[in-house]
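Here's a solo chain for you in structure tokens, the form predicted on its own.
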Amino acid sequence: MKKLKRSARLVEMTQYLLARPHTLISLTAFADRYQSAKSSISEDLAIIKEVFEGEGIGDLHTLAGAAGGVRFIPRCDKAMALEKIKEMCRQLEQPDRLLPGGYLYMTDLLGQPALLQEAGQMFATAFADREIDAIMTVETKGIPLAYATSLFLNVPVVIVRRDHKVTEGSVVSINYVSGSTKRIQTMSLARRGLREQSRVLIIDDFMKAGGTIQGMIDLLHEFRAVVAGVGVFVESGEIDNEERLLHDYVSLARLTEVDLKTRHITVQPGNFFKEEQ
């Protein structure tokens, strides 16, 4: 690209880093791209690092040595994120969102690009320090959340299906027991969809007892994969601890009270915000 003035170079470098999270970029690559000396590039990166960390955008890690460079790790400011989640909780408490079985209608929220971006950044912050090769979710409402998270972690998304599609080719299928309804259900994943021994982050939109997520964990065992973490958008707080199949997870919101008669709903920030509350 053509040689830029420093002010323009700073803007372009910032955009370049934001678009490539968790990617190691060498100083040589920057120097060649902007036709500038490595010393100038280092000074620019120091400015960007100060702004990123000061504004809670993320960290800019520097790796020394011939094979070194910089890597942008997106993060969110938890205090600011908490305010956004509290607003979302207020929206979820609207009585007309209540569905049979104590579930909440969330499809409209999960269709808002700004909210998805914020949720994805929160999940990416929660699991920023873990080695992750792929993100897994089950069709269909968890898909937008998974892709929003993948943009900040820069890893592919793997979609588990409840019905086998011909276009998926050979698949691995398992039966699992729903934690809340105790019904036997089926889920499947294409054999080509995930490399064996991958480290996988599971993302889901709603967790009641955790049966669906436990099913995905069991499915990962068939690929000899490792669960790197579990993130849920909303968890149900009305499930007894003994009934819950999963205990190690990160939630953004928690459904704590549902009164089907009065249609009263209480939603609070999830365990991701424990330190901030």
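Keep in mind that this is a model prediction, so the values were computed, not measured. So that there is no doubt, residue numbering starts at 1 and follows the sequence shown.
The form predicted in complex with a further copy of the same chain is left out here; the points below concern that form.
> Name the residue from L27, I48, V226, V250 that puts a heavy atom within 4.5 Å of a further copy of the same chain in the predicted complex.
Result of the distance check: I48.
> Within 4.5 Å of a further copy of the same chain in the predicted complex, heavy atoms considered, which of M187, V155, A126, I85?
That would be V155.
> When the contact criterion is heavy atoms within 4.5 Å, does E55 count as touching a further copy of the same chain in the predicted complex?
Yes, contact at 4.5 Å.
> I'd like to know if T14 sits close to a further copy of the same chain in the predicted complex, meaning any non-hydrogen atom pair within 4.5 angstroms.
T14 belongs to the contact set for a further copy of the same chain.
> Within a 4.5 Å heavy atom cut-off, is P74 in contact with a further copy of the same chain in the predicted complex?
Judged by the heavy-atom cut-off of 4.5 Å, P74 is well away from a further copy of the same chain in the predicted complex.
> If we define contact as a non-hydrogen atom of the residue within 4.5 angstroms of the partner, is R33 a contact of a further copy of the same chain in the predicted complex?
So R33 counts as contacting a further copy of the same chain.
> Could you list the residues in 1 to 35 that come within 4.5 Å of a further copy of the same chain in the predicted complex, counting only heavy atoms and keeping sequence order?
Residues within 4.5 Å: M1, K2, S7, A8, L10, V11, E12, T14, Q15, L18, R33.
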